[in-house]
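Form predicted alone, single chain, as structure tokens, below.
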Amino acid sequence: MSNFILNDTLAADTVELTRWPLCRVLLMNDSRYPWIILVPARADMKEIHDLAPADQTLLISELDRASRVLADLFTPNKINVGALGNIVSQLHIHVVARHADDDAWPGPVWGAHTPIPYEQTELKNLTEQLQNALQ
């Protein structure tokens, strides 16, 4: 884990919320959707099957945890989960709380619109709320 480096694009587009045993837990800076990104802190990972079996199990546990936090805080119609990697190849998993009235519904959020960053106060408040819930 010592040689793990977060991809520059992920670092630029997100705010770190916390660090779990496997993943860095990031908030996507797009105010349209409550959107967490989990990044396993393992060097040179591109696919879930690249992880060791024990890390795969831990990833599912952390994915469940992130999904439940978003479901509890935002009461979405659906939680979308995806590990695309077409633009950023570093293994990362999107966990997005979707509502039937959001800007991309019913399609995917990826590439639907240019992100609208949170206003500073809103970002601070949401970050604190999520950090408390993710502990």
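Quantities reported herein were computed from a predicted structural model and do not represent experimental measurements. One rule holds for the numbers: they count along the sequence shown, beginning at 1.
Absent from the display: the form predicted in complex with a further copy of the same chain. The rest refers to it.
Would Asp64 count as touching a further copy of the same chain in the model of the complex under a 4.5 Å heavy atom rule? Taking the distances in the model of the complex, the answer for Asp64 is yes, it comes within 4.5 Å of a further copy of the same chain.
Partner proximity in the model of the complex: Asp44 to a further copy of the same chain, non-hydrogen atom cutoff 4.5 Å
Taking the distances in the model of the complex, the answer for Asp44 is no, it never comes within 4.5 Å of a further copy of the same chain.
Open item on the list: If we define contact as a non-hydrogen atom of the residue within 4.5 angstroms of the partner, is Phe74 a contact of a further copy of the same chain in the model of the complex?
Closed with: Outside the cut-off, so no.
Is there any non-hydrogen atom of Ile37 lying within 4.5 Å of a further copy of the same chain in the model of the complex? Because no heavy atom of Ile37 falls inside 4.5 Å of a further copy of the same chain in the model of the complex, the answer is no.
- Within 4.5 Å of a further copy of the same chain in the model of the complex: residues from 99 to 115 (heavy atom criterion): Contacts from 99 to 115: Trp105, Pro106, Gly107, Pro108, Trp110.
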